[in-house]
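Single chain ahead, by itself, as C-alpha cells, in the form predicted on its own.
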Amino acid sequence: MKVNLLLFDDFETLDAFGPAEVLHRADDCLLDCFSAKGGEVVSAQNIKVVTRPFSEADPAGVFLLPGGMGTRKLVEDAEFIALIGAAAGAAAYVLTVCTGSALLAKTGLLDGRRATSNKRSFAWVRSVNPVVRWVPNARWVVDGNVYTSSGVSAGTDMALGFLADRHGRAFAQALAARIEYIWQEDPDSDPFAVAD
C-alpha cells in the first residue's frame, strides 16, 4: 500500500516522520514524500526535505497529513485545501497528525465525523469547522477510514494503532518494541486532554 506523505513549509517534523518511521516498517507500505508543487520543503525545525509534486502521486492507499504552524496560513489557501480534499477523497485511508486535522476539516470531509487534534491548538482547530464532532479527550480517533491524532508524538501512537487495525495488536506491539518506543495503546486515554 502506498503512503503519500504531503509536506508543506513549517510542518512539524515529528508529525510527519514519527508515523513515517512506523509505517515504512510494515512490509505492505511504501512511503513517498510530496508537496503541492514539488521541490524543497522546510519544516518548522529547519529540516529540508526534497519532495515530488503531488500531481505525480497515485492517490490510492494512505494519505498522511502532518500539522504544524504552517497549517495556520494554509487553512485559508483554497488551492491547497482543494488538493487535500481531492487526495483524501481518493485515498483508502486518511491519517492526520496534530493540526493537519484542521486542514482536512476545512475541506468538509470531516463534517459530522468524530476527530481530534493538538490539544494546545484545540480552540483554533474547532473554529475552523465547528460541524466536526471534535473529541477533546482522545489520543487518536478513528471514524471510518479517517484517523486523526492529537499533537506531535500522538501521531506515532496513531500510526501503530492503524497497523494494529490492519495486522493485529501483536504486530504493532512487536514493531513498537523493535523501535524501542513505549506505545500509548489506548486511543481514548489522552494525558493532554482539554475540557469539553
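So that there is no doubt, residue numbering starts at 1 and follows the sequence shown. This is a predicted model, so every value here is computed, not measured.
FYI, the form predicted in complex with another copy of the chain isn't displayed, but the following is about it.
- Of the listed positions (R120, R114, K73, R126), a single one reaches within 4.5 angstroms of another copy of the chain by any non-hydrogen atom in the predicted bound form, namely R120.
- Of the stretches 54-62, 164-172, 126-134, 22-30, only 22-30 has residues with a heavy atom within 4.5 Å of another copy of the chain in the predicted bound form.
- By the criterion of a heavy atom within 4.5 Å, S153 is counted among the residues contacting another copy of the chain in the predicted bound form.
- Mapping the unseen interface onto this chain, D188 falls outside it, with no heavy atom inside 4.5 Å of another copy of the chain in the predicted bound form.
- At a distance of at most 4.5 angstroms from another copy of the chain in the predicted bound form, none of the three residues Y93, V141 and N145 contributes a non-hydrogen atom.
- Counting a residue when any of its non-hydrogen atoms is within 4.5 Å of another copy of the chain in the predicted bound form, the hits in 33-56 run C33, E40, A44, Q45, N46, I47, K48, V49, V50.
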